[in-house]
Every structure is written in C-alpha cells, then in structure tokens.
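Taking the form predicted alone, here's one chain by itself in structure tokens.
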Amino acid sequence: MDRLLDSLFPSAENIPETWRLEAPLEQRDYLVNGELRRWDGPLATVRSPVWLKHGDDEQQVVLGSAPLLDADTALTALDAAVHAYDKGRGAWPNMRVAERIQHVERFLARMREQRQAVVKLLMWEIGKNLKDSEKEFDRTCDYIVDTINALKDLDRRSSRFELEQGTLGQIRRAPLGVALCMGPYNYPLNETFTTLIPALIMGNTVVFKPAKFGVLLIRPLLEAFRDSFPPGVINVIYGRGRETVSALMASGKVDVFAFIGTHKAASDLKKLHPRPHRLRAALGLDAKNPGIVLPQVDLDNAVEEAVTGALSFNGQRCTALKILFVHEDVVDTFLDKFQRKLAALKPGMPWEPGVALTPLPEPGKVDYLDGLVADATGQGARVINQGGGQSRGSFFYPAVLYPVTAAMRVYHEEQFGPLVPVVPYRDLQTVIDYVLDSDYGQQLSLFGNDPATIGSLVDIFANQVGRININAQCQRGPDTYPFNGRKNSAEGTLSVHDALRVFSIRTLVATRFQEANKDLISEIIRNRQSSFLTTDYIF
C-alpha cells in the first residue's frame, strides 16, 4: 500500500496530452438577463482533488477561480428571472410548448459541442473517472431528449377537450413561476439538469447556482444558455450559498426551490422564505441506504452488487449502499469474497484506463473518514481489508469495518465516501428495526432467494423507503422510474415524467356546454388567439 500511495499522484509530464491542464482558468463571468457580465470582486480558488509531484513533494492542483458574488448581485439575477416571468405574463411562460421545445433543442445542440471540455473538468474538479464522466455527460443529454419526448406526449394528451356533466373543459399544465435550482457536487451536471431542464421547458424562469465543487465545468455552457433562451429565462450565479442563496430565499420571490444536498441545509433555506405556503420544493436529500444480505442468497451476485453499490465513485452517491447487514451464517464467506473483489479495484487518476478509485474532492473528507474509523475501531470494530483506511493527500483507500454496532457513529451517519460498515445479524428483526427507526428512507437493497422472506420484507419496507431493490444495488436509473424518498431523504418525486409535473400545475379552462360558448372556444382556437387554449398536436 505504501508503494501504491507513493506512485499514486503523477508528475505533470506523465498526464496524457488530451487531458492536461492549460493555465488556471480565472472565471469572472456570470449570466444575468441574457448577458455575460464580468465580476470584478473577490474570487474563490478552485482546487482539484488531484495532486501532482514536484520533485520530492506533492502539491494540490489549483484549477482556477470562480466569482464570489455578493447578495446584491445575486438579487439582480433573481430580478431578471422575476421580470422575464412577469407574474405569468412574460413571453416564456406564455410561449407555445413546441416553441419552448425548440429553445431546449437549440441548447442541447450547443451543449454537445462542449462534451470534451465538460468531461475534462469533471475529472479534474471532482475526481470522477473518465468512463463515468463521459457517462454523466451523455446521460444528461439523453435525459434532455427524453424530457422533450415526455413533454410532447404530455402535451398531446392535453390537446383535447373533455365534457363532463355539461361542462366543457381543457386541462393543461402551466408553470409555477421563478425556480431556484441547485445541484450536488457528485453529479454537478446530471443531477442539476434533472431539475433545471424540466423547470425551463415547463415555462418557469430560473436562477441556477452550480454545485460548490464542479463549478468551472458550467463555464463552457454559459454561451449556450445565453444564446438559446430569451433574456432572463436562465440566469447563472456563483458564490457562497449562505450569502447569495439566503438572500434569494429571504426575498420571497422564489416560487420553486429545487435543491440536492443535506436535509439540514434545505430546512434552513426554506425557513428563510417569508411565504412558505407559496413555495414548491423538489428536494433530494440525505440517505443511509442499507444492503441486507439474507442467509439464503447468491453470494457472488450479492458481493458484486454490494462492492459496486458501496464504492462506485468512491461511495459519493446518495444512492450508494451506506451500510451492509449480513447474516451470521454467511458473513465470513461474504467478507472474504468482498475483500478480494475490492482488492481488484484499481486506484489512480481519473483519466487512467480502468481506474475505479480516485481522489476525493471535498476538503476535510479524509480527516472525517479517519474520525469515523477511529471511533469504530475504538469500540471494537476492525479494518479487515489490507490497506483499508490508508490515505495520501485527498486519496482515501476504502476501508471495510467489521463488526459494526449501533454504538458507532458510522452506524448512523451518512459517510458519503469509501467506507463500508458491515453489521452481522442473527435476528432479522434487528435489521427491520434499523429501517423502521431510521431518519432516512430513500432506498434499500435485499439480497436473497427465499420468496417468503423477500415477499414479507417488501411488504414491511414498502412504506419506509422510496425504492426496494431485489438482488441489485441501489440506483437512480432508469430515469423513467420515480426517484424520491421518505422521511428526511426527499421531498417530491423526480423522473423524466414526474419532473414535468413537479415544475408545473394542472390548470383548467371550463365553460358550460352551450352553443354560444362552443362557438367562442372554437373561434379562439381557430384564430390562434390563445397560447394556452389550443388543439395543436406536436409530432
């Protein structure tokens, strides 16, 4: 392990030319009201999780800097969005669906041109390996296409009139107002766009603040945003959330709050809004997803899924398996197979072929994980895999902790990193109680092949979590499936279909079924005197 850590970080000349950095990027641009404006105030230094060798030393790479906007500047972006929405009278919320789709398609075409630039920054900014960085970009593009198709389908179904009990009506979806969209650093492109794009395409205007890590990778898309949407429809700000976002929420002008982060941060921000009953929220929050390995089980599959589920992108996923409960009858074999599978994962730099374990982007994360390990080992757990818990700079080699008990912090806290706590159990009620008593309820995984046991657990857990995975790791996709959570894990439901509904409201235009009213509605539609009342059919 010492040799591995000594050779982990490269020198600059050993980086493939395609992925080498140019000079640090000093970014001062932000987008307000269709203009790229220059910020002449203070900047935040953007550091990479990658360190480089310089002789006998290793130094963290400085990628560049990003604007530290103040509250007043952030409020100018909000005012631009408020003006563009104009209490629902603006051009964007009143634009026909087919036209809004054209704007989004224009943006997608421009976005695709920036694939390599965004992928490169994903690797350097958050340490995501090349394969997963490319997958995140491509999946985001696919999500936009799927969203467009879903909206076309939704609009087609809404294009007809309904007659009920002598009342003629048309039900269509209308936007909610001004949306504030904030994404997470682990999926700074994909998870952000799963709220940003539905919010825009449904006719809302948006203020978008990029994630705290993964901030520079939005820069290649600013011109695409500017050129693809009318002024004020999309505004991009930067800075510390406690200054900028707090001011936006306290203004009371935000109608929809889309946020992916911790439940504490979401609660604090929502409390700032002076009109809480007018605020719609779409929140993806904390999770402590358990993997439950039953005594009757295909261990090879359980290990395969558990290793990927716990350690994909170093465990930095809300959908990661954060704690494993393994029955005493199979725990020894499970751990042996798990350790061997883990040992085969390749550590290295994000651009290296086949790399699975990479440096961590969050400052202080290694120290935090060290603290969890110290707490657990001080109370009887052991790090059972060779080299587990050793670190260098921003890199932390995964540690498997066993046996973990309820007295340990890692039993309760979401580690959000390459730490795998394993809890042995004899009585299944121990596991059931853990799920029932947990503050979180996003997902869980069941590994077993006894139909009676699996069926019984599904019934118990269906009212506890948003998704139950059988013999598979926890995950978000496919994006057509609902993504949500119970308890402190989420508010609202996201998927390609659900997100369109989250960022809109059903609105009904109705009249008595009388000849004069029929003639009136027919003339409005025939002469295209309303964007809302329409029987247009989008192909």
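All residue numbers refer to positions in the sequence shown, first residue = 1. Model, not experiment: these values are computed from the prediction.
Beyond the structure shown, there is the form predicted in complex with ligand G3H, which is absent from this document and is the topic of what follows.
Taking S228, Q415, T244, T319 one by one, only a single residue has any non-hydrogen atom within 4.5 Å of ligand G3H in the model of the complex, and it is T319.
Among N385, N186, T147, T140, the residue placing a heavy atom within 4.5 Å of ligand G3H in the model of the complex is N186. Shown alone, this chain has one stretch from 58-66, 29-37, 472-480, 44-52 that lies within 4.5 Å of ligand G3H in the model of the complex by heavy atoms: 472-480. In the model of the complex, ligand G3H lies farther than 4.5 Å from every heavy atom of D155. Among residues of the shown chain, E191 is one whose heavy atoms approach ligand G3H to within 4.5 Å in the model of the complex. Residues of 12-36 are not found to place any heavy atom within 4.5 Å of ligand G3H in the model of the complex.
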